[in-house]
Ligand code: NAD
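Before any questions on how it binds or moves, here is one chain, the form predicted on its own, in structure tokens.
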């Protein structure tokens, strides 16, 4: 008999529904709650997902508009909110999703005060910080998907340059999940060997790889209207790290506490993620330029939050 592992999905649009499907394929989730305002649509997504179960590990799926059903969830995933439109940056979504979070986050906390909360809705960094202002969560209990996907995209682009599998490339994109991110190049390496020591390396090649990763979402949105497969895989990866208590190092978004002098803002830095959520932020080495980029990003996001609150 499997141990119970309950997950709730708040928001069942393209990202939420695709992530729910990815979780079913993974097989770890025993109970899946789909929460949305349009109950007819949520019921339809549940029915469609249920019809895949004869081929998968059985999962109890509940469709509801009542947050009380979240109770007992190990993690609640929030994908609800306005999605990025072609030509729109993520920060412009703040006005649309700020008030929505003021409504849904207290409901999540009231229903399930001990459970973890994974924020996916953009702008993910500001909204992650906002959650801590809306309910008395413990540090690390709420965190955002941050630059996990940005980092994966960056490593994929670097793999094309260096001819190495992305999993063997240790290079992060940090800061904002958006236009004010920055690549961590001072410590980037393959098998402990600095990128700069490879014959394929050039500053232009690596900068081009970063720009492709940074602009990947905009390119996809322009061509097909939305991104959802890759972020669903990110959600699955994070949930699996929670379920298995894997202590995986991931660049998720958390409120910073005097991290290179930065506080009162959520940004992505390498964190240890396990059954208790973000269990530790890693004090990685930043160059002078990278420290300046972190500071610049923090100032922009603090300013955007202060302006709207």
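Residue numbers count along the first chain shown, from 1. These figures come from a predicted structure and were not determined experimentally.
Quick note: we don't show the form predicted in complex with this ligand, though the next part is all about it.
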With the partner left out here, check for me: in the predicted complex, does some heavy atom of residue 151 sit within 4.5 Å of this ligand?
no
Is residue 116 close to this ligand in the predicted complex, meaning a heavy atom pair under 4.5 Å apart or at it?
no
Should residue 126 be counted as a contact of this ligand in the predicted complex, where contact means heavy atoms within 4.5 Å?
no
How about residue 257: is it within 4.5 Å of this ligand in the predicted complex, going by heavy atoms?
no
This ligand in the predicted complex reached by all of 139, 214 and 270, non-hydrogen atom within 4.5 Å
no
Considering this ligand in the predicted complex, which of 161, 220, 100, 195 comes within 4.5 Å of it through any heavy atom?
100
This ligand isn't shown here, but in the predicted complex, which of 49-57, 279-287, 36-44, 262-270 has heavy atoms within 4.5 Å of it?
36-44
Residues within stretch 208-243 having a non-hydrogen atom within 4.5 Å of this ligand in the predicted complex:
226, 227, 231
